[in-house]
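Before any questions on binding or motion, here is one chain by itself as structure tokens, the form predicted on its own.
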């Protein structure tokens, strides 16, 4: 069974000035599979991450939702906090309530708060379905297959070969050149296509 922790960030006043973060955390406590929910001034700070690590251990959490800013900014930060607590980093969901609520509803606190609750509800639902993932290294074969030895295929093969990779050029006809070799003359110089 999933035991999800929800952590709602104030982001100083970036979020808290527009979104009632305490209300969002309170509503999150009643959501299915949520074992713990709280709000904190700066979740990305070291003390904020410590709050997450402490709650994971204390409430035996196996999924985390952070309602804060864009995942592009702090997803690795929160994933490391999960890893340090022994949880797979891919069991994290981030609800972007800064850019998607606080910043776009700057004068509509009720609307921003309602939207934040719904974003958290969606993140909790997704976190309920998450499974552990693992990173792996895959060797890259630096060979390319170009299918079709027309003008485009030949140019692609030349460009790839010029970048230092081996190329295999595959053509179903007995000659290369595609439709180009069927033409008598080519525009704009009227040169012979052969």
Partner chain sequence: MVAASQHPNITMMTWSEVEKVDGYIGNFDVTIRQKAKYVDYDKCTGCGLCETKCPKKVNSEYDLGLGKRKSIYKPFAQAVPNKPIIDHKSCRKINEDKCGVCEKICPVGAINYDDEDKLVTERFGAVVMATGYDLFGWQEAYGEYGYGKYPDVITGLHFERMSNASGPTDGKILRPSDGTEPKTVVFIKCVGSRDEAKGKSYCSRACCMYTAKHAHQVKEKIEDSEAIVFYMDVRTPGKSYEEFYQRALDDGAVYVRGRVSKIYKQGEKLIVRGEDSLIGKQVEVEADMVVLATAMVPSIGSAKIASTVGFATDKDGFFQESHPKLRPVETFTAGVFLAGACQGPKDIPDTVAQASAAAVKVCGLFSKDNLATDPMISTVNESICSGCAICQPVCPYGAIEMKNIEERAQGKTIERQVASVNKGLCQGCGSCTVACRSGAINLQGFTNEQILAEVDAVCL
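Keep in mind the model is a prediction, meaning the values are calculated, not measured. Between two forms, the rigid core is the largest collection of C-alphas that superpose within 1.5 Å. Positions refer to the first chain, counted from 1.
There is another form of the same protein, the form predicted in complex with the partner chain; it is not shown, and what comes next is about it.
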Item checked: Every residue of 16, 43 and 47 near the partner chain in the predicted complex, heavy atom within 4.5 Å -> no
Margin query: Going by heavy atom distances of 4.5 angstroms or less, which of 157, 61, 52, 27 would be at the interface with the partner chain in the predicted complex?
Written below: 157
Check: Going by a heavy atom distance of 4.5 Å, is residue 22 a contact of the partner chain in the predicted complex?
Finding: no
Check: Do residue 129 and the partner chain come within 4.5 Å of each other in the predicted complex, heavy atoms counted?
Finding: yes
Margin query: Under a 4.5 Å heavy atom criterion, is residue 80 part of the interface with the partner chain in the predicted complex?
Written below: no
Checklist line | Partner proximity in the predicted complex: residue 84 to the partner chain, non-hydrogen atom cutoff 4.5 Å | finding: no
Notebook entry, point to check: In sequence order, which positions of 35 to 51 have a non-hydrogen atom within 4.5 Å of the partner chain in the predicted complex?
Noted result: none
Notebook entry, point to check: Cα of residue 29 displaced 2 Å or more between the shown form and the other one, core superposed?
Noted result: no
Next item on the list: Please say whether, between the shown form and the other one, the C-alpha of residue 133 moves by 2 Å or more once the core is aligned.
Entry: no
